[in-house]
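Read the single chain below, which is given as structure tokens and is the form predicted alone.
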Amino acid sequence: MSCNSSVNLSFSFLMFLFADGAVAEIEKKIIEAFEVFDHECNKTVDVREIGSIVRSLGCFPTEAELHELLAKVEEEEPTGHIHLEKFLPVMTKVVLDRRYRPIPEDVLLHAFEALDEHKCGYITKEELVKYLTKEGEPFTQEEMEDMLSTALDPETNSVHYRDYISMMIVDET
């Protein structure tokens, strides 16, 4: 075996280990998200929780796409519950394929503007915490702290949402 062959083999082996490690990390995140909603601790969740799990993993399918995903993970005779063993490989592929891209910038802006009652371009920390922990699907304390650590302007104690949206948007062109 030549030196170049062993280098190529080593590189290929390292890439395999890296990919395997990346998949393992994705699977770990999926399992952790699933377990949050596994109230019976039996590796199943209520079918109605799948949308929340998928969104917690950074995927934002439409309702139609969510129904397609559910069709792939439901039992042949629907029980109202989804089993981790069926969900994990399907969701791993979704994450690896980067499907269900995030919400577009204009939609995020519209949502923040709807919360900005005074139309001043920012939302105070108190208002944001109230909206995101008391209404709709509430943020956890950890989610709220993570968001505020990035979004909050420490000088004004508010979120200038246009700036925050600009930070969140990734140009994929």
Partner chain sequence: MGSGSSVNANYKYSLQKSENAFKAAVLIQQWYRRYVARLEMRRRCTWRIFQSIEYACEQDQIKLHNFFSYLMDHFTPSSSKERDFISRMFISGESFKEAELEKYCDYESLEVPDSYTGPHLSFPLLPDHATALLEAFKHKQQLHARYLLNLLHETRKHLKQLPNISHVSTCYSEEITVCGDLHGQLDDLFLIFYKNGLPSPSKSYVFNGDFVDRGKQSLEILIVLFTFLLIYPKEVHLNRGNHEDHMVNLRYGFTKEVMQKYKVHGKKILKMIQNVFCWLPLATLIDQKVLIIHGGISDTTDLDMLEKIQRNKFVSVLRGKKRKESNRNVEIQELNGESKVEADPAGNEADPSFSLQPRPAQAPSVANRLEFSKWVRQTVQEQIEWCRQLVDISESEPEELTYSSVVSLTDLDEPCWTRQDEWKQILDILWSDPIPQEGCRVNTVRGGGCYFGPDVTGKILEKHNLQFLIRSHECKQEGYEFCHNRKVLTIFSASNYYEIGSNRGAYVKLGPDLIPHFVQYQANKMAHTLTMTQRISRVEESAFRALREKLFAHTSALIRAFKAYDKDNTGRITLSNWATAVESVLHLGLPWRMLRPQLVRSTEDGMLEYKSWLDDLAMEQRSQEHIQSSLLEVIYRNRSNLETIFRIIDRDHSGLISSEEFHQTWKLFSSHMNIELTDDGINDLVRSIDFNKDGNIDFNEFLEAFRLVKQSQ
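Model, not experiment: these values are computed from the prediction. If you superpose the two forms and keep the largest set of C-alpha atoms that fall within 1.5 Å, you have the rigid core. Positions refer to the first chain, counted from 1.
Beyond the structure shown, there is the form predicted together with the partner chain, which is absent from this document and is the topic of what follows.
(request) Check whether E143 has any heavy atom within 4.5 Å of a heavy atom of the partner chain in the predicted bound form, and answer yes or no. (result) It does: once the partner chain is placed as it appears in the predicted bound form, E143 has a heavy atom within 4.5 Å of it.
(request) Tell me, yes or no, whether F112 is in contact with the partner chain in the predicted bound form, where a contact means a heavy atom of each within 4.5 Å. (result) Contact check for F112: yes, within 4.5 Å of the partner chain in the predicted bound form.
(request) Give a yes or no for S56: in the predicted bound form, does one of its heavy atoms lie within 4.5 Å of a heavy atom belonging to the partner chain? (result) Answer yes; at least one heavy atom of S56 falls within 4.5 Å of the partner chain in the predicted bound form.
(request) Considering only heavy atoms, tell me if G121 and the partner chain come within 4.5 Å of each other in the predicted bound form. (result) Answer no; every heavy atom of G121 is more than 4.5 Å from the partner chain in the predicted bound form.
(message) Heavy atom within 4.5 Å of the partner chain in the predicted bound form: which residues of 98-131 meet that condition, in order?
(response) Sequence-ordered list: I103, V107, L108, A111, F112, A114, L115, E117, Y131.
(request) For D106, decide whether the Cα shift between the shown form and the other one is 2 Å or greater, given a superposition on the rigid core. (result) Shift at D106: 2 Å or more after core fit.
(message) With a threshold of 2 Å on the C-alpha, tell me if E40 counts as moved between the shown form and the other one once the core is superposed.
(response) No, its C-alpha moves less than 2 Å.
(message) Closer or farther: how do the Cα atoms of R101 and T150 compare in the predicted bound form versus the shown form, where the change is at least 3 Å?
(response) Farther apart, which means the C-alphas of R101 and T150 are at least 3 Å more distant in the predicted bound form.
(message) Quick one: with a 3 Å or larger change, is the D146 to E63 CA distance smaller or larger in the predicted bound form? Answer closer or farther.
(response) Between the C-alphas of E63 and D146, the gap narrows in the predicted bound form (3 Å or more compared with this form).
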